[in-house]
Structure formats: C-alpha cells, structure tokens
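For reference, the chain that follows is the form predicted on its own, supplied as structure tokens.
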Amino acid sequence: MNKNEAIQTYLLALADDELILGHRDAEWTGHAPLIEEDIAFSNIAQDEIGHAQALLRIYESLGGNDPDTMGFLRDADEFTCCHFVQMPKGDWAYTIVRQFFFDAAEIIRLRYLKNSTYELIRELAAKIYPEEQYHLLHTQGNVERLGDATEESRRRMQRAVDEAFEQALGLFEKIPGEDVLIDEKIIPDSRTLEAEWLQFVTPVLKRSGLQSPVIETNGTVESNVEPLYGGRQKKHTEHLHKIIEDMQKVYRMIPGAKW
C-alpha cells in the first residue's frame, strides 16, 4: 500500500466512525430525556456527520469517490467503522458513556493530527478541534453528574461503562496501512492514543463514582478487558447492516437525484 492509499484508508475509517455515530446520535432527536439534551445531541449529531463529510472531501481529493457516493452507495461490508459506533443507541446512560468515550478519543487524536506533516489533515484537525472540545465538555459533564447522582442513575451509568469499555477500545484497532503514515509523522500510533485515552478516562470515571476495568501500576493505566476488534477489517455486526439500510433508503430511492 502506497502513501496515498494509506491516507485514503485512514481517512475513510475515521469518516465512517463519525458518520455512523452521527446517525446513532440523531436517533435521539425528539426522544432525549430533556429538551436541552435533545438540542445538544442533535447538534452533536450534525457536527459528527459534518466531520465525516470533511474527511471524505480529502479522500475525494486523493482520487476517491465523492462523499455522497461513499456515504450512501456503499454496502455495509465496505465500511471500516469500529464496532463501537455500530451498536444500537441503548438507553440514555449508554449514549452518554459512548459519546464521552468517543469524544475523549477524538480530542486525543486531533491533538496529534493538528501537527500532522500532511497539510490537509493538519488544517482539518485544527478546524474541528474546537467543536470536539465542546462535545467532550458536554458529555464529560453528564458522566460526572449522572455517575454521582441517584442510586438508579449510578447503576445505569455503571452498566453502561461495563458494556461500552471493551467496545470503545475498538476505536484504537490498527487501520491497514497505518505504519506507513506513522513513519512519516502523518498520524499517531494507535497504541499511543489508546494509552493516553486510558489515562484520561480512568480518573474521570473514578471521580464520578464509577469503576472501570483497568489496572493501575506506578502511574500507568492498562485495560483489563479484551478490545472488541473487527470493524477496521470490515467484519461487522448485524447492527451496522440495519443502520446502513435505514440511512441509505431515501438516497437510493431516487438514483442521481440532486439534493
């Protein structure tokens, strides 16, 4: 795999994560427990889908298909999103925990990509970083508030952490061609991102009265569960097939339509 192909593969994996999670978040529009959260998650969903489009614009500039084609005319088996974003929205606790875990990973990744040696990636990372800061501020606040509220909210949040933790580690599954880009300082190593993510989320959960499956030794934090991998290798869950079908239904009904 040459450098351009590796960049395309990397961009597509990140875009697929953003696109699918954006649609998952949009499933709460009109259904969130508070009107403020309804508005907030609708905005977050819109941001994530917008970030996917921006990543796919760079992908297109390298000779790939346009964003609409990549988003609405690929079959599920052609996507490279991690399993984490594919999972059904679950209850509100799961949604909050999932978005917090995702936002923390995004912020850490973007800090590195803002210094990428590849100009288009560097510029895009700098542009979307402030939006992701808002996302993280919002979801981290919710984790801390709900984790340390009532007995019921703590129980639900703990269940969500237990369910989502191994799934979230799939965000750091190695993307094909990654080594080529790491050597040229275009992207960071996924193992580095995972280590920093663990260091960040563990104390937040602890402050919130929530337990996480980690081992802390001499200031380092390591996961104590097996990551849920497969998405980067196009081995997907049944949930992805269903959301892709729903997401693409209208677009496929009128081939060639201009929106």
Partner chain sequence: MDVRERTYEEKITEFEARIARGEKIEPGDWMPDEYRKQLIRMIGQHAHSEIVGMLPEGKWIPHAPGFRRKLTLIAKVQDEAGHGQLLYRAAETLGKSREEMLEELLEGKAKYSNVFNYPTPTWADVGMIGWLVDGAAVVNQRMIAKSSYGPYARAMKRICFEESFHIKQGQDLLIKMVYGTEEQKQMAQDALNRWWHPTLMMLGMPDSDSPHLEKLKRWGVKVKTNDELRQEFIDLVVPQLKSVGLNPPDDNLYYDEKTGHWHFTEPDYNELKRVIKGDGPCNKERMEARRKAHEEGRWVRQALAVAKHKREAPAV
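What you see is a predicted model; the values in this text were computed from it and never measured. Numbering follows the first chain given and starts at 1.
One more form of this protein should be noted, the form predicted together with its partner chain, which is absent from this view; the next part is about it.
Practice item. Using the partner position in the predicted bound form, report whether F200 sits within 4.5 Å of its partner chain, counting heavy atoms only. Key: Result yes; F200 sits at the interface with its partner chain in the predicted bound form.
**Study point:** Interface membership of L11, its partner chain in the predicted bound form, 4.5 Å heavy atom rule
**Key:** Although its partner chain is absent here, L11 would stay clear of it in the predicted bound form, with no heavy atoms inside 4.5 Å.
Practice item. Please check if K174 has a heavy atom lying within 4.5 Å of any heavy atom of its partner chain in the predicted bound form. Key: K174: no, not in contact with its partner chain in the predicted bound form.
Exercise for review: Considering only heavy atoms, tell me if H31 and its partner chain come within 4.5 Å of each other in the predicted bound form.
Suggested key: Close contact exists here: in the predicted bound form, H31 approaches its partner chain to within 4.5 Å, heavy atoms only.
**Study point:** Options 166-174, 113-121, 185-193, 136-144; stretch whose heavy atom lies within 4.5 Å of its partner chain in the predicted bound form
**Key:** Among the listed stretches, the partner-contacting one is 136-144.
Check your understanding: Going by heavy atoms, what in 142-169 lies within 4.5 angstroms of its partner chain in the predicted bound form?
Key -> Counting only heavy atoms within 4.5 Å of its partner chain in the predicted bound form, the contacting residues of 142-169 are N142, E144, R145, L146, D148, A149, T150, E152, S153, R156.
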